[in-house]
Structures are given as structure tokens and as C-alpha cells.
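Below sits a lone chain in C-alpha cells, taken as the form predicted alone.
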Amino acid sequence: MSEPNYFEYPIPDPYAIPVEDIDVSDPRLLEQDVWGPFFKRLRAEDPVHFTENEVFGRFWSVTKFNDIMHVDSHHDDFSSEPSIVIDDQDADFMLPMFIAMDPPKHDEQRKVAQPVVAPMNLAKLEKLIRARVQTILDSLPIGERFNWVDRVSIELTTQMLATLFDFPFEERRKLTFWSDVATATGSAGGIIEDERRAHLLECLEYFTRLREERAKQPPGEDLDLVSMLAHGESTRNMEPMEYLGNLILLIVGGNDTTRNSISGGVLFLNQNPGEYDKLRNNPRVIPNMVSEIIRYQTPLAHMRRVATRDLELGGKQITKGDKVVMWYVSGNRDDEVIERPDEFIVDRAKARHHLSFGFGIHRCMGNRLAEMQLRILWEEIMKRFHMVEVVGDPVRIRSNFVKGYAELPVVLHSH
């Protein structure tokens, strides 16, 4: 998990360099929120774009909506193994996980965890989520500056995760920490690789203890993810690193995406006061707005595949074994598919037609849960506050995978 030393040179003007020199794997593009023009140029001039750098090797960037959908829905041609991020895992610390597997193993393992987000279980969770949201919002100071990311986005998603894992509630911030450690881009997370491994092994040790306890108990009705993995036929005998890989997948999937959409929504409404007015005048727009937030934020910027054979994509010859990176963050701004894609429109028609959850067999398992958490949060915010006002610049995460926020300073104004 290392990265090219991007920090030795300034970020170039995307229109002042030859198109072949554009490298969208630079994590500063998301961190400084300057990614838009780079992808816009690629979509226009080189939608399937070749890059080779000293760390990630050869990779193709797929930047248009329909090409991304094609790659995502053809798992026979584009394998998810051994990793779904642009970086390769270290050979001596491989973390297999079902999102980075192909059928049949992928299907068997995913089926074990799927019931936790089945419609019946979501209906049961709705009341609990609402109660949690109410408690969190009622604890916030009115008229005082605070970090929305920490007090609301992280707190809500971490409480939810603790519930899904039946994880000791008072230690729930461990889940946030492990998620951040797992997704830190190389040195960008401020921790070195040895520390990172040590933290992830602590996570494994903790969850191994939980699994051993749950395996001794008969599986009850209210199944949590650890019990499901402990009792599932295709998961109960997983090797330790595979267990850790799947835990990381479920923690990151349940944490980063929702958490960064919760922060993004507040920011976008502040940047678009007319849309905030629409929401105040008609809170019934919330479910639609939730889809627009998820599109506009695109919490995971990319997913990677590997070509299983020589093939052609967008007029380019891809060689068997090449990495093919789907830039969801770019596809969600493709004006050939989405009208006025760079605008945030809470009542957008066909708002659900976006790439943030992926397509095909790897489509995000918890997408309905994410939407439900965001919907309930905004319903409760609108009952309490006239405005969640952003009062400073957001601090974004340095990563080319997670498109997220570390800080969003806000002040609440009541009705």
C-alpha cells in the first residue's frame, strides 16, 4: 500500500498538458476538490485512458457512464480478483473479501451476509435508526460551531454499524478507526504500513473473539453479521485473513459511504441555497434528494477490475491482465447520460439513475440501508432546524478511493 510521490510537484492544469499525461490516480485531486476538469477532459477526448506509473503499474481509466456500466455488468470479462482498488495488496498481507471475488465463491459468501439488509430487517431497523437520529440531533448545540463529520456523520453510521455487528456499543469508535485505517491511501493516512497492519490485526483479534462467542450460541432470529458469518456454510471456516477481509468490506461499506453522503448533503445544500429553499418548502422531496446527494457525492470514487482476456473497450485494445479502473465519480458527471450533471438538483427527474452503488453482481448490498439512514436523518433535521449552516471550508480526505470529509464546520439555526 504505497503511492507515487505526487507531492513533489504541483497539480498541473488539466488543459495545459498532453491528454496522455493526465493521471487521475493522484489522491490530491479529490482532497483539493479539483478532480472535475481532469475527468471532463478525459470524457471528451480519451474516455478509456491509459496510464502507467511507478506504483500502480499499467491501468486503464474508464470515465463515461455507459462504458463503466458495461465493465461493471460483465464480470466474465472483467474480474474483481484480487482487489477492487487501484493499488495492489502486498503479497504478504492479502485480504480476500467477497467483493474482490468472482462467482461462484462471491455469490456464496455474499448470500450469507445479505439477510441483514433484506427488506424485512430494514423495516425492523427503521424505528431504531429514527430513535438514534433523534438522540444525536437533540444533543447538538444551537448557534455554536462544531464539526458535523464527527458529531453527526460518524456518530450515526458508527452506531448503525455497531448494531449490525452487535458490537459492544461503548467501543463503537473502534469501527470508525479500523475503517479509516483500512482505506488510508498509503502514507496519506498519516500511518505507516507496519502500524496499519498492527491495527488491522487488532481488528481481526477482536472480531475472532466475537465470532467464537457467537458460534457457540444457536443462531437466533435477530441475526447480526458476526453470527451470520459464524454460522454460514460458506463462511464459518474462513481463514483468518479472509475473515478480516470480509469484516473490512462490511465495515467500510457500512461506514464510509453513508458517512460521507451525510456530510456532502449539508455542504451541497449550502452551496445551492435555492435547492435548500425547495427542500424547506417541500420536505416530501427528501427521498429524491437522497439519491441526488449520493450521485453528487459519489462516496467511492472508483472500483477496479482486471481484464480476463484481450478485448476492446471504447476503441482501445485492452490486454489480458490489465487493470481497468471504473471512475464512478466521473461517470456520475457524464452529460450524455445525466442532464446538467454538474448541478445539484434536489427534485431531479430519474435521480436514482447513477453509478454510486455500482451495477451487476457487485452492486452495493447495503444501498437501501444507506438511503434509509439518509432519508430519516433529513426528515428529522427538517423538523428541528431552519438551517445547518456551513461556516468554514470542509477538510477532505486524501485518497483516490474514498471521496470523503474529515471536517465540516457548521452552526445550527432553529426554526
Partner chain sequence: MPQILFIEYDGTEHRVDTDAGRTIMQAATDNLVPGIDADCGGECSCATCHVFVDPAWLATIGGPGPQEATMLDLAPERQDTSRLGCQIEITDAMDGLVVRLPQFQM
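A quick note: this is a predicted structure, and the numbers were derived from the prediction, not measured. Residue numbers count along the first chain shown, from 1.
Note that the form predicted in complex with its partner chain isn't included here; everything after this is about it.
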property	result
Listed residue that, although its partner chain is not shown, lies within 4.5 Å of it in the predicted complex (heavy atoms), from M365, V34, V55, M382	M365
Residue (of R211, R333, R132, R110) lying close to its partner chain in the predicted complex, criterion heavy atoms within 4.5 Å	R110
Contact stretch among 43-51, 23-31, 384-392, 366-374 - heavy atom within 4.5 Å of its partner chain in the predicted complex	366-374
Its partner chain contact in the predicted complex: A198, any heavy atom under 4.5 Å	no
Its partner chain contact at I192 in the predicted complex, heavy atom, 4.5 Å	no
Its partner chain contact in the predicted complex: I154, any heavy atom under 4.5 Å	no
Contact label in the predicted complex: Q159 to its partner chain, heavy atom within 4.5 Å	no
Heavy atom distance at most 4.5 Å to its partner chain in the predicted complex, all of M120, R352 and G360	yes
